[in-house]
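First, one chain by itself: the form predicted alone, in structure tokens.
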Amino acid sequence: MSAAADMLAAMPAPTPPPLGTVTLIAGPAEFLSERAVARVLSAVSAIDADADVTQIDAGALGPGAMAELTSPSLFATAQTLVVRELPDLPEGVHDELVAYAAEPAADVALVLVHPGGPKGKRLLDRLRQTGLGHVVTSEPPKPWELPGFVAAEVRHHRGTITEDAAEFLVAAVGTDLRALAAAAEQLVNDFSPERLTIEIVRRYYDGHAEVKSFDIADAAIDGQIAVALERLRWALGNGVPAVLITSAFASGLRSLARMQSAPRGLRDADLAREVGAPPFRLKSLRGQLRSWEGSGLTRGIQAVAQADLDVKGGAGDPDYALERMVLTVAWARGRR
């Protein structure tokens, strides 16, 4: 896990007093940015429960707005000003913001939120040169870092989780940080003080749409046609969206293709990064790959792409398109 993501997942509210400082939060991970904002608000509230809070988009600020928004309040001794969408700040306000950042008011906590990207980079550079009090980079964890994010979330809620359970939770819930954080909190609340194992997580998420979709894909990739079709009919009968099923097939076959082309001799951790799959999946992928050739993988991937097009409106019968995909993928196994 990246240092920034680990910090945002596991650390309590900032310990340095945020009043009289400027916090810059920059990066595309909206959930991590919002969490960083919330922790500054919490820290200010701990100092002054009656502190004023103003949240505004940078595009709405005009000349003189910074002086007005950070001036002493008649009703509160402390203030928090959160300015979002920093790249939209009008050019005419840049100098004013940079001047304020160099000499912030003692009773104000200013939080600047930049969503990442090249827009507004010059302003960011100027702000950093003022010696900001806090700079937080909200970069999303890489796919192979997500189990570490889950583990940090569980620790934050005073729980413990095994490595394979964290990896399985990522496979079940997906890569959305907000959903993963919520799932980790829920599991701790339901099972604490018990250590979260893969058996617990698998049982908790039994019937989860994404898990069932991957079960169908694994059966087809393993050549178990009857099992795959039975699982597919269960999924369709229980309202699992067709796009989740095609997505699971695409993910499984892409992982096999990456595994096939990966350099030899890599450690499991490095191989997992190369393949883009959690480490606990490597054993299964190795077993599956023994029965697949390059041309078969190509046919399977093409079948999944066609099914995905069909279920999104290219065919009149999505159920038939999915059955045909299952059969084509299973038959492509072991064929040259």
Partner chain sequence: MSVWDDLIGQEPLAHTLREAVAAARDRLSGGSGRGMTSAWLVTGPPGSGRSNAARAFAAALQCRDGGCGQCHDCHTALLGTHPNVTLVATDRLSIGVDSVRELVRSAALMPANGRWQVVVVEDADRLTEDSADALLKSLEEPSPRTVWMLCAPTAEDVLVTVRSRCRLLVLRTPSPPAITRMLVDRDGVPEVVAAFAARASQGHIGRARRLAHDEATRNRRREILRIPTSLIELGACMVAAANLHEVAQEEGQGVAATLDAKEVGDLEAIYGASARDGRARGYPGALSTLKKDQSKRRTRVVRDTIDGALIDLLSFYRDVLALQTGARTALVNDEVRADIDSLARRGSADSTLRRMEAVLKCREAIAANAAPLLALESMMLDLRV
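Whichever C-alpha set is largest while still superposing within 1.5 Å between the two forms counts as the rigid core. Keep in mind it's a predicted model, so treat the numbers as computed, not measured. Positions refer to the first chain, counted from 1.
This next part talks about the form predicted in complex with the partner chain, which is not shown.
Engineer: Can residue 309 be called a contact residue for the partner chain in the predicted complex at 4.5 Å between heavy atoms?
Structural biologist: Close contact exists here: in the predicted complex, residue 309 approaches the partner chain to within 4.5 Å, heavy atoms only.
Engineer: Evaluate residue 294 for contact with the partner chain in the predicted complex, applying a 4.5 angstroms cut-off between non-hydrogen atoms, and reply yes or no.
Structural biologist: Judged by the heavy-atom cut-off of 4.5 Å, residue 294 is in contact with the partner chain in the predicted complex.
Engineer: So in the predicted complex, is the partner chain close enough to residue 45 to count as touching (4.5 Å, heavy atoms)?
Structural biologist: Residue-level check for residue 45: no, no contact with the partner chain.
Engineer: Please run the contact check for residue 305 against the partner chain in the predicted complex: heavy atoms, 4.5 angstroms, yes or no?
Structural biologist: Yes, residue 305 is a contact residue.
Engineer: Taking 19, 21 and 71 as the candidate spot, are all three within 4.5 angstroms of the partner chain in the predicted complex by heavy atoms?
Structural biologist: The answer is no; none of 19, 21 and 71 reaches the partner chain.
Engineer: Pick from 190-198, 255-263, 125-133, 159-167: which stretch has non-hydrogen atoms within 4.5 Å of the partner chain in the predicted complex?
Structural biologist: Single hit among the candidates: 255-263.
Engineer: Within 4.5 Å of the partner chain in the predicted complex, heavy atoms considered, which of 65, 40, 301, 29?
Structural biologist: If I apply the 4.5 Å criterion carefully, the residue I get is 301.
Engineer: I need to confirm a contact call. Of 99, 250, 236, 182, which residue comes within 4.5 Å of the partner chain in the predicted complex, counting heavy atoms only?
Structural biologist: The residue from 99, 250, 236, 182 that makes the contact is 250.
Engineer: Quick check on residue 261: with the core superposed, does its CA move 2 angstroms or more between the shown form and the other one?
Structural biologist: Moves: yes, 2 Å or greater.
Engineer: Verify the C-alpha shift of residue 44 between the shown form and the other one: is it 2 Å or more after superposing the core?
Structural biologist: Where the cores coincide, residue 44 shows only a C-alpha shift between the shown form and the other one that is less than 2 Å.
Engineer: If the two forms are fitted on the core, does residue 307 show a Cα displacement reaching 2 angstroms between the shown form and the other one?
Structural biologist: Yes.
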